[in-house]
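Below you'll find only one chain, the form predicted on its own, shown as structure tokens.
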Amino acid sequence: MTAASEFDRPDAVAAALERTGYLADPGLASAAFLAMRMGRPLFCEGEPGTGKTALAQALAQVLDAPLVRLQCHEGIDAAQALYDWDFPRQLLHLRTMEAAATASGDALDADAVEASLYDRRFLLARPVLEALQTTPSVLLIDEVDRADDEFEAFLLEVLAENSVTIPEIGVVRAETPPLVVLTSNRTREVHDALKRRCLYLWLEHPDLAREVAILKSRMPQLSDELAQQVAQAVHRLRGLDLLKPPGVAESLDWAAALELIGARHLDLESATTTLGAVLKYREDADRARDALDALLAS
């Protein structure tokens, strides 16, 4: 594993990210560098498809550390993030103890039985506990804007202490705090208290030159011309006020789809055939088809 302290400047982080296929601009590289060196969570906010989740994945590769992902959703609670007890195995264990006591004629010691039932072997670690126990690690708390206020309050405590308390076992504290990346698509505003715990990074869609570079980095076999055409068309699609503007992942999917059908250029026929790789709503596809001539103009 690579220690975060081995990176002595943002350029070194940018170079390491580039080796994973993630191209970071100076602002993003600086934010990642500071998060690693200051031990602060990195709060990434921006439109879907701007590379927030991919950044956490790339940082895990850079640090050669496991990525632990917590996908947030409406109604998520602390138990789903921390731990649960394996009740079926506990029940089986209890019945085995009872059968052994009946066979031997010995009485069960209630305290000993309870202690054995709440042993670590019956503990099911959920993502946050798993990240604290797996050190070092990268903890991705994805789409935190989908969780409710109570869950944000829970995260505040965990991020501040890098530990959790399990009543039956005690305090579990990370030997090395995980590098935490939180993402938000800004479907609602996340509380200031949580943001204050973090370094903040706003991610935009890459500019045309960077998107071409990303396509070439991830798909070296792609021709320069096709990479340029795909990136340019995607940039124009983002200006159409679509329900779901395409992200970088859709650019890559579109380029891959064009390659699979043997297209050497992005023209009207190949674009129409593969439009489903880049747009995911019928209304968006209809709007794009009406504008394809302009989208493909050089």
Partner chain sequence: MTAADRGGSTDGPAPRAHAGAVLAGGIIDALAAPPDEDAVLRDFVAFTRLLRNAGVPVTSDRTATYLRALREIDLASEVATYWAGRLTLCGDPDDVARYDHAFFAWFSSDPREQRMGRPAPPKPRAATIAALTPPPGQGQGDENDDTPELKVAASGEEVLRDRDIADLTISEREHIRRMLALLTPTPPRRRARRRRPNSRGEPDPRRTLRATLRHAGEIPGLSRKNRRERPRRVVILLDVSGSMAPYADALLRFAHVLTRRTPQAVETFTLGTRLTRVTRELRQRDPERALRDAGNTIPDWSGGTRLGEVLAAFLDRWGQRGVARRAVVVIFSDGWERGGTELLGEQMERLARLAHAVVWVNPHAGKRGYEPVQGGIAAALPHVDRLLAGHSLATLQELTEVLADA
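Numbering follows the first chain given and starts at 1. Treat the numbers as computed from the prediction; the structure is a model and nothing was measured. Heads up, when I say rigid core I mean the largest set of C-alphas that superpose within 1.5 Å between the two forms.
The discussion below concerns the form predicted in complex with the partner chain, not included here.
The single contact residue among T96, T187, S223, S116, judged by any heavy atom lying within 4.5 Å of the partner chain in the model of the complex, is T187. Just one of Q232, T50, S30, Q57 comes within 4.5 Å of the partner chain in the model of the complex, counting any heavy atom, and that one is S30. Interface residue remark: R120 is not counted as part of the site for the partner chain in the model of the complex, having no heavy atom within 4.5 Å. The partner chain is not shown here, but in the model of the complex it comes within 4.5 Å of a heavy atom of M38. In the model of the complex, P66 stays away from the partner chain, with no heavy atom inside 4.5 Å. Under a 4.5 angstroms non-hydrogen atom cutoff, the partner chain in the model of the complex lacks P167 among its neighbouring residues.
Between 251-259, 58-66, 38-46, 265-273, the stretch whose residues reach within 4.5 angstroms of the partner chain in the model of the complex through a non-hydrogen atom is 38-46. Although the partner chain is not shown here, in the model of the complex the stretch 81-98 places heavy atoms of F87, P88, L91, R95 within 4.5 Å of it, in sequence order. When two forms of a protein are overlaid on their rigid core, residues whose CA moves 2 Å or more are considered shifted, and D86 is one of them between this form and the one not shown. When the rigid core is held fixed, the Cα atom of L124 travels 2 angstroms or more between this form and the one not shown.
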